[in-house]
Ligand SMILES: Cc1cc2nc3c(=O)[nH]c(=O)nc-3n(C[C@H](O)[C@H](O)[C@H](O)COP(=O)(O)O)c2cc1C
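The data below hold one chain only, encoded as structure tokens and taken in the form predicted alone.
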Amino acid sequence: MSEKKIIATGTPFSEDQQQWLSGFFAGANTRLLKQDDSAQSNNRPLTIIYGTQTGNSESIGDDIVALANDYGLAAELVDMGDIEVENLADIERLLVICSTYGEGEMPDNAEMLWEAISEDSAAKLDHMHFSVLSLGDSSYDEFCLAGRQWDTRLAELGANRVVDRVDCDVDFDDDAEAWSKAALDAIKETGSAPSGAASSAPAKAKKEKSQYNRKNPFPSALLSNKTITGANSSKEIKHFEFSLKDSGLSYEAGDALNVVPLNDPELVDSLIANLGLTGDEVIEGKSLRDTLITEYEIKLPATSFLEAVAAKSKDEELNRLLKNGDKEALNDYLWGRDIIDFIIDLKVNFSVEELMPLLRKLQARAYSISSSSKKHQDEVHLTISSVRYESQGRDHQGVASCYLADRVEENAKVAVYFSPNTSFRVPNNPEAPMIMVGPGTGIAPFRAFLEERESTQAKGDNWLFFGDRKKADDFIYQDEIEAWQASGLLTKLDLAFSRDQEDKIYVQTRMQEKGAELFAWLDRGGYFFICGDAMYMAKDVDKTLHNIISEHGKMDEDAAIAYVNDLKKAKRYVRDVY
């Protein structure tokens, strides 16, 4: 191979001089690279493992990797799904970042490692130094349970905690940053000194950070707001298109777009009026009304708010439910009740000084992206069901879904930012079969996946299971789906409209009917994706998948579980559920 010339042609040097200078600068560059490798090899190794359902834990891990060198540490970021429990015994310095999914569950990518380290046979970790950052949502009962479990288990196995665990609520940025710096500072001198040997592992490419993020969302113009359900549907599903022009932002099919909503001004005015306030009260330089519209959650009550209401109102039922610890009964009582319902129904008042500490910060809502950037340049699409219901004699609306559906005019700006989901991706192998299960708005990422495969002319087979209530009104994206079917892009399509016949049928019903073929697709390297409801649909689909593998793979229950675990480990069974 010829040596690459570094000196440009046209410079005032002879050919011999140009060759000498090119060699000199090439050698200098090599020496600088070696110095950088040497500096890295003199840093203590640090392993960061993350468990994530939406990408937040991974994003924090990336930030720590960027910081670690300043603390004399050579950090490696590892997906919990990519590490074996036996490998933990070789790690001296470990940082764990783990979110809690659903009602206290481990994220999908952490599930198998957690099961392994929970076994009685798990190795002792006496030589390990660690700290845990836990992400969660305090509106759920088992707040940060997954991270708490990791913290407890590592200590049980003898690992040495260098910094106390930090439990982060949905507004996690400041707490995560403070924990990161404290943990790096505490762990940097622990364990054995570096050997000085250069790592044989290739350096992980440094991710470029966009200027737009949680703290600085991009003001995106809303290009389109279209209702895609029929006039007689029991729901309203909207298709939204947003502009990314001049943002420099990019995304992959499978990622999520976070929408920063504004509260309904009418709801804010009603809340202010029922509290006997004017709205002109000043909160850190802004009026109370503007502050409530833009900065605080005024629908779902926090536990501190409920406790304050119980104390003020002396309501027997609420006090009993809060005291007796019956979470199921409390959740039943809270269903459909917003902050304003308590203020009106229990006739309680709060001063501004009392109210503000009881409210949580208004958070962005994450939605699965329903477009491929390869097909829609400078655009991103969402598919959202508008949340509307009647409860306690009042009409209620979803914070973000109805903000977009009702109150954002065409070309008006909406604050947005992306959350990557690196596990939920179109397979790298363009010939790998894809099986996609996405009823209702769960079809969103699979519209993006099919657009991606269409744009890249991938040859792999594609199978979609889709359903909803009634075909006539709820078959969203019907024209596109049928066009993909006609073109051959969509190899197989199975539909399940539950209310179109006497006996209700669902996507898992169709899966069971096609079990032999579905297993054959998996056995030839197929990928299995689920998107949609986590509470019922995803669990039913998972159970059906195990049954299909057991029946058509002629496996007992344990063997079927092992088969599914292998799919998960290979990232061939992944979920985007909520």
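Because the structure is a prediction, the values reported are computed rather than measured. For every residue, the number given is its place in the sequence shown, counted from 1.
The following text describes the form predicted in complex with this ligand, which does not appear among the structures shown.
Heavy atoms of residue 242 never reach within 4.5 Å of this ligand in the model of the complex, leaving it off the interface. Within this chain, residue 368 is remote from the site of this ligand in the model of the complex, having no heavy atom within 4.5 Å. Shown alone here, residue 103 lies within 4.5 Å of this ligand in the model of the complex, counting heavy atoms only.
For the chain shown alone, residue 114 is not a contact residue for this ligand in the model of the complex, no non-hydrogen atom being within 4.5 angstroms. Taking a 4.5 Å heavy atom cutoff to this ligand in the model of the complex, the contact residue among 526, 55, 45, 61 is 55.
This chain is drawn without this ligand; in the model of the complex, the residue among 440, 81, 136, 254 with a heavy atom within 4.5 Å of it is 136. Figure note: of the listed segments 262 to 270, 216 to 224, 92 to 100, 479 to 487, the one touching this ligand in the model of the complex, with heavy atoms no more than 4.5 Å away, is 92 to 100. Residues of 123 to 162 lying near this ligand in the model of the complex, listed in sequence order, are 135, 136, 137, 140, 142, 143, 144, the criterion being any heavy atom within 4.5 Å.
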